[in-house]
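A lone chain, given as structure tokens: the form predicted alone.
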Amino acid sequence: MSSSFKQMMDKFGLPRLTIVLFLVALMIVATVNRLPTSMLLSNSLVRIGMNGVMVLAMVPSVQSGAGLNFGLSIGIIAGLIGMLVVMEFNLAGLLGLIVALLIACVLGAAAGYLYGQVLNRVRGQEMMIGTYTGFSIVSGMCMFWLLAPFRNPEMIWVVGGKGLRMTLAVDDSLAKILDNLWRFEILGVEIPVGLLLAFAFACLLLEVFFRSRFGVSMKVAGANPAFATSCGVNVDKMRVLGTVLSTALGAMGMVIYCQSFGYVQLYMAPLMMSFPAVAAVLIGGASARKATVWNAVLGTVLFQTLLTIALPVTRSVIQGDISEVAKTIISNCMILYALTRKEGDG
């Protein structure tokens, strides 16, 4: 019994066990300080659902051998464009969300194809080149946001009559569509069923893809390019396919994020959004060469739950509002751990 328990602990990993114990300690402190634990758990579930697909986007990129997708900002931009088009034409409800997802998917796949071609030419430096490619695209799109031909008065600057505002409120007909879909409450904890089902559905589709012929070929190409080539697998095409899937998932993940967050943030807001996604999948047990859907799910749960619970607990222990400082410290420390973790470490 002790042997099987030790094997289970070794598989789960000491860092993840430490984070779980830390979460338990935070919940105990929250209970002692009479914080609304049901609200903290409800917010944690929402954050898991709204960020999960963007973390999931890391998996096909790693599996194909292209490394962690630090250029996820490219897909995020595609998702923002999908939301803006829907808001421009005042499409409402579930229809508007589906149209935004379709536009984001198409634009993300097209951008991912071009991005994948770039990564094939910088083999071995994908993560560094991806980071600066994402930074460049976000900066370049600042000019597009000012010149884009959008005419909806709720989206453009009042002075001058053109150029998109920095932060746009998602219309009531688009906000929290998935969050409120089949939502129910249990013991005071609100369960956003639609949002969590969307994340679960994306995980299921990706897992089914990895069991298909193309998915197996992609995994072989990422794990052993020489063996894959000898088997007749085009490694470069598999790397591009992985990047296309990653960027498209990032685009659709951004649409889900925006409808849950209630705002569309433009200009430099997407600049660093790839880093928490990278950190989450690594904390879930992935590495720069190996990642699974389970790593994405576990990492999202640990990362987002810790961020959600730690801030109010810290505020209750230290009198005064230091939420932004605490959020920066916690986020950056977790990202630092994730990015400096050696492959094979727990």
Partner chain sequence: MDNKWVLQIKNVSKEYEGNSVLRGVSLSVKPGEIHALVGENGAGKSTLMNILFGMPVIHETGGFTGEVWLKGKKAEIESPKHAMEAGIGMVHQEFMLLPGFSVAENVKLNREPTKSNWFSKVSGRRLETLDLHKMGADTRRALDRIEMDIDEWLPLVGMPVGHRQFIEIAREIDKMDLSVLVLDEPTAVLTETEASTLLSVLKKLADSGIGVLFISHRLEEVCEIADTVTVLRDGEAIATMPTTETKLETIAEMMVGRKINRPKAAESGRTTDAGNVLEIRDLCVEMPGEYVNGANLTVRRGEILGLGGLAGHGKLGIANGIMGLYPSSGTLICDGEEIPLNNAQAALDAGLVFLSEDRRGVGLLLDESIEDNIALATMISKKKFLKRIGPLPVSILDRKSIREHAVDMISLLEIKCTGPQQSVSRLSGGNQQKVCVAKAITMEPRVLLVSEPTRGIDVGAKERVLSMIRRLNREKGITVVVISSELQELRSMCDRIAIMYKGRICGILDPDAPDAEFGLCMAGEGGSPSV
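Keep in mind it's a predicted model, so treat the numbers as computed, not measured. Positions refer to the first chain, counted from 1.
From this point on, the text means the form predicted in complex with the partner chain, which you will not see here.
For the chain shown alone, Phe227 is a contact residue for the partner chain in the model of the complex, at least one non-hydrogen atom being within 4.5 angstroms. The partner chain is not drawn, but in the model of the complex it has a heavy atom within 4.5 Å of Ser212. Proximity of Gly232 to the partner chain in the model of the complex: non-hydrogen atoms within 4.5 Å are present. Not displayed here, the partner chain is kept clear of Arg315 by more than 4.5 Å at the level of heavy atoms in the model of the complex. Contact annotation: of the candidates Met128, Leu147, Val208, Leu114, the single residue with a non-hydrogen atom within 4.5 angstroms of the partner chain in the model of the complex is Val208.
Scanning Ala109, Val193, Val220, Ala269 against the partner chain in the model of the complex with a 4.5 Å heavy atom cut-off leaves one residue, Val220.
Comparing 139-147, 119-127, 260-268, 212-220 against the partner chain in the model of the complex, the single stretch with non-hydrogen atoms within 4.5 angstroms of it is 212-220.
Looking at 255-290, the one residue that comes within 4.5 Å of the partner chain in the model of the complex, counting any heavy atom, is Lys290.
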